[in-house]
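Let's start with one chain on its own, the form predicted alone, as C-alpha cells.
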C-alpha cells in the first residue's frame, strides 16, 4: 500500500504540538540524547568530617538507632537536585551507633559496605556472623544479606556507608525486608570469614557460589601492612600512587558485583598525573592532608573528610605534606561499567 506524502502546507508548530496526545516526541528535536562524551550532573564536592561529626552526634540526641532504623546523615551531591546520592550511581552516608544501641536487622537488594572511621569494638552481623569493627576496617553487607549493627563498647561508633542505591533504584530493581527480630541469630564465630581466607590461601572444604566475596570483613591491620610494604619499594601508578584493590578471594575480582573498593597511599609531596574514567568514585581520607583537583575544581581535604569524583571528570591528587604519607580509601561503580563494556579511561593534562 503506497504511503501518501504529507502535504507541504501542514503547519509545523501544529504538528509538533499535536504529538503529545500520542505520547511520542521527534528525535530530531531532542538535545543531549547522544552527547559527544559523558556529562555528569554530579559535582566535585568534599564533605568535612569535623563539621558533620558534630551534626551526627546531635542526631544521636534527637533520635535513637531503633526508631531511625539507621541513624545516617546522607552525603548529598549538590549537582544532583536533592537526589540521595554522592555521585550519579553511588550513595554515601555517615552512620552513628551509640553505646548499647542496636540498629535492627534488615536486608535489601542494594549492596553495601562500611568503612570504619571512629570507635572500636562495635559489630556488624552479616548472615549469622559478627564482624568486630575497628578503625580502618572494611565490612561488607552484600545483596540480600541480613545485617544488623550493635555497639557494646563505651564510646560512639561512626563509619562511612557506601551503597549502589542510586543505580539499583534507577534500574527499578530494589527490594527491602525487615526482620521480626532486632538482632539476627548468630550461627558462626565472630570474624569467621576473615580467618578462613588468609592471604593467597583458601579453605578446601568451603563451597561458595555467590557473586560477592565470602569474606565479610577486611581488617585494617592487614591492609595497612600491605600498603606499607609496597610503599617502601617505590612502586606504584603515575595517576594513583600505590593503589590496591580489595578482592574476592574466590574470583580475584571485586568484593561486590556492583561496587569496587580500593586503598591507596601517596608518598610525601606526591602530585599524581591526571586522568579520567567513566566510573565515578567516592573517596575517604584515612590519613593525611592534601587536595584533589577534580574537573578543574580544587578540593582540599584532611583526615576523615569524604569527597566525590564524578564519572569522566579529570582528576589528580596532591599530598599536602612533605613528611607524611596520605592514605585514601575509595569505592567505585567500576565493576558494573566493566561488566557492561562501558568502562573507558584515559590520561589527561594536569589542571594545575
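Keep in mind that what you see is a predicted model, and the values were worked out from it rather than measured. Residue numbers count along the first chain shown, from 1.
What follows is about the form predicted together with 2,5-dihydroxybenzoic acid (GTQ), which we do not show.
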Quiz prompt | Of 70, 41, 58, 48, the one that lies within 4.5 Å of 2,5-dihydroxybenzoic acid (GTQ) in the predicted bound form (heavy atoms) | solution = 70
Quiz item: Among the candidate residues 123, 91, 115, 218, which is the single one with a non-hydrogen atom no more than 4.5 Å from 2,5-dihydroxybenzoic acid (GTQ) in the predicted bound form?
Solution: 91
Quiz item: Closest heavy atom of residue 95 to 2,5-dihydroxybenzoic acid (GTQ) in the predicted bound form, within 4.5 Å or not?
Solution: yes
Quiz item: For residue 161, is any heavy atom within 4.5 Å of 2,5-dihydroxybenzoic acid (GTQ) in the predicted bound form, or not?
Solution: yes
Self-check item: Exercise: residue 271 in contact with 2,5-dihydroxybenzoic acid (GTQ) in the predicted bound form, heavy atom 4.5 Å
Solution: no
Self-check item: Touches 2,5-dihydroxybenzoic acid (GTQ) in the predicted bound form: residue 276 (any heavy atom, 4.5 Å)
Solution: no
Quiz prompt | Which of 221 to 229, 200 to 208, 106 to 114, 180 to 188 sits within 4.5 Å of 2,5-dihydroxybenzoic acid (GTQ) in the predicted bound form, heavy atom basis | solution = 106 to 114
